[in-house]
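Just the one chain here, laid out as structure tokens, in the form predicted alone.
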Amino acid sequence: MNLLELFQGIGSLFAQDPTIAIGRIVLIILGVVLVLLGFKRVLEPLIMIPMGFGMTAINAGMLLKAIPVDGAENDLTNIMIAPMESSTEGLMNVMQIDFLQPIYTLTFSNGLIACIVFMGIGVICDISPVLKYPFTSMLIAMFAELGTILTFPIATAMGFSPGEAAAAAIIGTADGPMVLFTSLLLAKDLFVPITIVAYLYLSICYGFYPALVKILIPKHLRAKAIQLREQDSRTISPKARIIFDVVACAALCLLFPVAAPLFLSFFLGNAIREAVMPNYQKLLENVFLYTATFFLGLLLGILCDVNTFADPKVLKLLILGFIALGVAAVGGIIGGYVVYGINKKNYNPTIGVAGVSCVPTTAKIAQHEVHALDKRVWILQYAMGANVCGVISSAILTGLYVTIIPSLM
């Protein structure tokens, strides 16, 4: 045995095509960068730190020969995950060997992890602003869906099938679980790169959206206070909130049964919050949500091997993701200006960016940009209304795509 066979991670670099080997090195470095950016809070640490470690480990830890499975050996492999394995016998083999295969197969590749995250999101969402400001909140959320709607024809023009185009367009919702769920149903072959692109861009929103707000909204409007109205002092009772949860869940499941797992997860999580069930709240928020988020980030990193990025469609997905999220934010801000006009200038158009359904990130971005100019101005309750409506409108649009697109394929 020579040294390259002994230290197989290094040896495998010399056993591959030089382009692939260079790609692995680049992704190892990128993984380290993501960890550091997450540590510095430039990017979302909850996703980026486990994702960066996973990306580094999968591209460094390639084997020259796989551990034998039923007498067969592969030239290059890893013992982390086999994402494209689908046969029952093959899955049983790799689940006994590959480190993360059981978690991937039983939670990631069937959409369960998306539903768990959605349940946790439901627990942390306050729907009172939605019931206080239903018209303005939903109007802004609908404008923010422009990114999702306009990206679909662009993606089809770039050569994607209707299912792939719809899954790529859902990146514009800025809702990772929604992207994962849609791509599993409509573009299973591309769901790994689509999900990776979506989560990479979600973290970029931290820096991209504040810049967009500064460009599109002048200072005097960003610092505008909203004069209190009668509805601002109205209290929404817990009974009204839980009735909304169960009625909305039933109505949306009736309309879009294919997205029923997402509706059930979100509204059940929110109902547990409204019913004040502290043990369940702690379980869903502190255990389920953070466990699912951790493994989601780690699995995304593990899936970032060089072969994933060798597909020429990935570059197109990077372009489409940027378009989808950019147009979504612009659409939301346009919606903010529309509400500003409807309310006779008694509104802050910065709230529009919160219509993009990355809860609660975009709502916090809106408040932060306002607070930076005038600490006396508080728009968070309005922003959270638009934010939660963004989650609901994104789930509705997902239901529409998943219902309609199969008939076009």
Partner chain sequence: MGIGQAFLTSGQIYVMGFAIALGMAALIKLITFVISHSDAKSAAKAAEKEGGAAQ
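The structure presented is a predicted model; accordingly, all values stated were derived computationally and were not measured. Positions refer to the first chain, counted from 1.
The next section is about a form of this same protein that is not shown, the form predicted in complex with the partner chain.
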| property | result |
| --- | --- |
| Distance check, residue 88 to the partner chain in the predicted bound form, heavy atom within 4.5 Å | no |
| Exercise: residue 157 in contact with the partner chain in the predicted bound form, heavy atom 4.5 Å | yes |
| Partner proximity in the predicted bound form: residue 244 to the partner chain, non-hydrogen atom cutoff 4.5 Å | yes |
| Partner proximity in the predicted bound form: residue 400 to the partner chain, non-hydrogen atom cutoff 4.5 Å | yes |
| Partner-contacting position among 289, 320, 115, 252 - heavy atom within 4.5 Å of the partner chain in the predicted bound form | 252 |
| In the predicted bound form, the one of 123, 197, 303, 146 near the partner chain [non-hydrogen atom within 4.5 angstroms] | 146 |
| Candidate spot 130, 237 and 404, all three touching the partner chain in the predicted bound form (heavy atom, 4.5 Å) | yes |
| Partner-facing stretch of 322-330, 276-284, 183-191, 255-263, counted where any non-hydrogen atom is within 4.5 angstroms of the partner chain in the predicted bound form | 255-263 |
| Heavy atom contacts to the partner chain in the predicted bound form at 4.5 Å, residues of 152-177 in sequence order | 152, 153, 156, 157, 162 |
